[in-house]
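In structure tokens, one chain follows: the form predicted on its own.
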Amino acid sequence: MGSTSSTLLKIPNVEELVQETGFSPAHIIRLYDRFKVLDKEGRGHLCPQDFGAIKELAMNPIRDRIISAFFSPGKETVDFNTFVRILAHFRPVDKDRPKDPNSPEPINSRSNKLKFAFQLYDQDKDGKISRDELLKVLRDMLGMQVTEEQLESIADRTIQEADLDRDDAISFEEFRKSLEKVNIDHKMSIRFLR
């Protein structure tokens, strides 16, 4: 127990982090240990290159988009608290946690998970997923498995089905509606955090 307490003391604003993210102190310690492993030089922050040490991420075809989601525009580093807040999007929803109507929506809510996923597509940050943005993700994910013609057909069909206002792009609201029946909590949860 002593090492747990001493590790928690090293983490700035740990109580606030537990409250905001819903992670338990034990999860925070595991994430802190993981952060320290990634921060090989002990700088107290991570750069995009540091994420290359995550083998599960190295195999992901959209790894660059996922890594960039950790960094605010114009920022080249991420500190531990920001690292934890981003990972909180992937925390399974705690169905037993009482809902306080006065507290902000949890980071790992369905809506926030969808916003996080949406930003992986909306690379120009204009609030819409264009055909070109969708095609780039499809190319990254499917690569040489399908022809360019098939990719274009998938993109066109996806936009046609999701684009309710017929502006040839998918807004966040259209994205949300198109995924109403998808179990986002299951698809966007990291197992080691359960």
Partner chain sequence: MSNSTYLCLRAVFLVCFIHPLIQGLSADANVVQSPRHRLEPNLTGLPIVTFEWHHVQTPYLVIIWVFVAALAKLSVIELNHHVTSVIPESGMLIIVGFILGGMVWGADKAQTFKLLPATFFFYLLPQIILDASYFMPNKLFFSNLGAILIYAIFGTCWNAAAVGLSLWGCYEAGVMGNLDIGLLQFLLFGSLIAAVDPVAVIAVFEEVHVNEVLFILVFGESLLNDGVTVVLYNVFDAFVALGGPRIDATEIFKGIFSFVVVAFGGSFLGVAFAILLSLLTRCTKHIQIIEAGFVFVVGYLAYLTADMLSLSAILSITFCGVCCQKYVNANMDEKSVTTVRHAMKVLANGSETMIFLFLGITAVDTEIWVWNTGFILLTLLFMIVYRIIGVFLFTWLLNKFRLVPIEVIDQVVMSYGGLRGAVAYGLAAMLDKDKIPEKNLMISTTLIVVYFTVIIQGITMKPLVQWLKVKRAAHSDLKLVEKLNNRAFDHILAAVEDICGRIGDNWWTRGWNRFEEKYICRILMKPKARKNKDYLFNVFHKLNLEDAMNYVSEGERQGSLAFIRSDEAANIDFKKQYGSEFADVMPDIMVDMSNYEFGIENVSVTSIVKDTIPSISRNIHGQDRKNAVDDINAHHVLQQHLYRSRKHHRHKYSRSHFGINQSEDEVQEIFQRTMRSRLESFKSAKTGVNPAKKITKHHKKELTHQIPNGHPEGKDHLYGDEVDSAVGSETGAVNSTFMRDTYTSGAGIENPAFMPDMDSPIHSPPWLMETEMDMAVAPSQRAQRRLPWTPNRLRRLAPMRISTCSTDSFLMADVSLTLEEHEEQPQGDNEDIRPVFE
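Residue numbers count along the first chain shown, from 1. Because the structure is a prediction, the values reported are computed rather than measured.
The same protein also has a form predicted together with its partner chain, omitted here; what follows describes it.
- Message: If the criterion is a non-hydrogen atom within 4.5 angstroms, does every one of V18, F80 and I107 touch its partner chain in the predicted bound form?
- Response: No, the whole trio is out of contact, none within 4.5 Å by any heavy atom.
- Task: Report whether the minimum heavy atom distance between R157 and its partner chain in the predicted bound form is within 4.5 Å.
- Result: Close contact exists here: in the predicted bound form, R157 approaches its partner chain to within 4.5 Å, heavy atoms only.
- Item | Close approach of F175 to its partner chain in the predicted bound form, 4.5 Å, heavy atom | Contact check for F175: yes, within 4.5 Å of its partner chain in the predicted bound form.
- Query: Would K10 sit within 4.5 Å of its partner chain in the predicted bound form, counting heavy atoms only?
  - Reply: Residue-level check for K10: no, no contact with its partner chain.
- Query: Do E149 and its partner chain come within 4.5 Å of each other in the predicted bound form, heavy atoms counted?
  - Reply: It does: once its partner chain is placed as it appears in the predicted bound form, E149 has a heavy atom within 4.5 Å of it.
- Query: Of the options D132, E161, D126, D167, which one has a non-hydrogen atom that comes within 4.5 Å of its partner chain in the predicted bound form?
  - Reply: None of the other options qualify; the answer is E161.
- In sequence order, which positions of 24 to 60 have a non-hydrogen atom within 4.5 Å of its partner chain in the predicted bound form? L31, R34, L38, F51, I54, E56, L57, M59, N60 sit within 4.5 Å of the partner.
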